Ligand code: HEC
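One chain comes next, on its own, written as structure tokens: the form predicted alone.
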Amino acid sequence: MHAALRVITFCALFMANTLLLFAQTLKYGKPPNVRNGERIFKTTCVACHASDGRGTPQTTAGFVRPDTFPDFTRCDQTTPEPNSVWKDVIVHGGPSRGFSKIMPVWGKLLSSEQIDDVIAYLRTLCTNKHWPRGELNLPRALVTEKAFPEDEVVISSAVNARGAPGVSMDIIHEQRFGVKNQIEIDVPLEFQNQNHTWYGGVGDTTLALKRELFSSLRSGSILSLQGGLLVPTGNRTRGFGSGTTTFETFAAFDQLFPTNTFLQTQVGADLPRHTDIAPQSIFWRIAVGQSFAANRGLGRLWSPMVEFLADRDLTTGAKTNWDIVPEMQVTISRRQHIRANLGVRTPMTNTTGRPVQLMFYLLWDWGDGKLTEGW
């Protein structure tokens, strides 16, 4: 109980400090003027993007249209991108984010407020307002799952830094379909030193479906539910799997604050088919972080975070395991579609037999481009 209180107190102090230390980055000096943005767009941008935002036809454009050329009426293309991405490209030109140089630099011709007006107008060209906006796609934590449906490939690793030698790796594929849905496939690989001999194999594979239930850019909130099956593909004898099919379900709620401070929460349960083989359990996770970027919020993004993780078997006399994970995510590519995160997971309670782990992942947001693009 005392450990749990320390976790909650630390979380509250962390949030209070970040709210005080970082200036607001989401608010504008004045509300963007959509009508002025339309006027600017239709007098300066139509030569390439056409008056409807779909792009000038190839036969009259006078240039070869790159694969990344936008159609602003396509919500699946535009809604995953936050305004900061568009502003960076308009201010500094296409190469600033690894896009084509045919997008010129407008930062010397248009004021910051005029560019905000243009972006506000471009947002009106997506007429389906049910798509969750990219600002709510918060930085991915090492353990806590986020609510935003995403197109990502993640290679995640954990190395035992203290305790029995072992390495685990998860290969995760996430893919959106429709407006609010996402499928997830997670294939874990386990390597353990048992009695001075290393063994390796596949763990229990996860097949899951996520659905966003609610999102609001105005409030900075997004809520999703996920349900999935953990297929017993791992060797139970070696400790690589549970030995039974397990249904896993959780709710994920994320909150973005006006200071770019964010809070991610996840609450769920693992419900094995055969409880005589593996016990039912519940888990809850909290990630608190702060995003900040160079170049007045348009450059490389840094996101320090701290996670508080808890799980408990639903058996008589079971104790709650609490872990803490300080970490740092950073964007690597100029397009910011390649990201890395490094952290340390440390047990806070019931530490016997539970190792300290060095954790790392490499993330590819493949919806934003190929691995070789955007550098």
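Residue numbers run from 1 along the displayed sequence. Predicted, not measured: the structure shown is a model, and the values here were computed from it.
Not on display, but discussed next: the form predicted together with heme C (HEC).
Think of it this way: in the predicted bound form, heme C (HEC) has a heavy atom of just one of Thr346, Asn350, Asn33, Thr68 within 4.5 Å, and the residue is Thr68. Proximity to heme C (HEC) in the predicted bound form, defined as a heavy atom within 4.5 Å, holds among Val118, Leu230, Ala287, Ile222 only for Val118.
Not displayed here, heme C (HEC) is kept clear of Thr245 by more than 4.5 Å at the level of heavy atoms in the predicted bound form. In the predicted bound form, at least one heavy atom of Phe72 sits within 4.5 Å of a heavy atom of heme C (HEC).
Proximity of Gly178 to heme C (HEC) in the predicted bound form: non-hydrogen atoms within 4.5 Å are absent; the residue sits far from the partner. Although the partner is absent here, Asn160 lies well away from heme C (HEC) in the predicted bound form, with no heavy atom inside 4.5 Å. Residues placing heavy atoms within 4.5 Å of heme C (HEC) in the predicted bound form fall in a single listed stretch, namely 110-118, out of 255-263, 231-239, 141-149, 110-118. Residues of 98-125 that come within 4.5 Å of heme C (HEC) in the predicted bound form, judged by any heavy atom, are Phe99, Ser100, Ile102, Met103, Pro104, Trp106, Leu110, Val118, Leu122 in sequence order.
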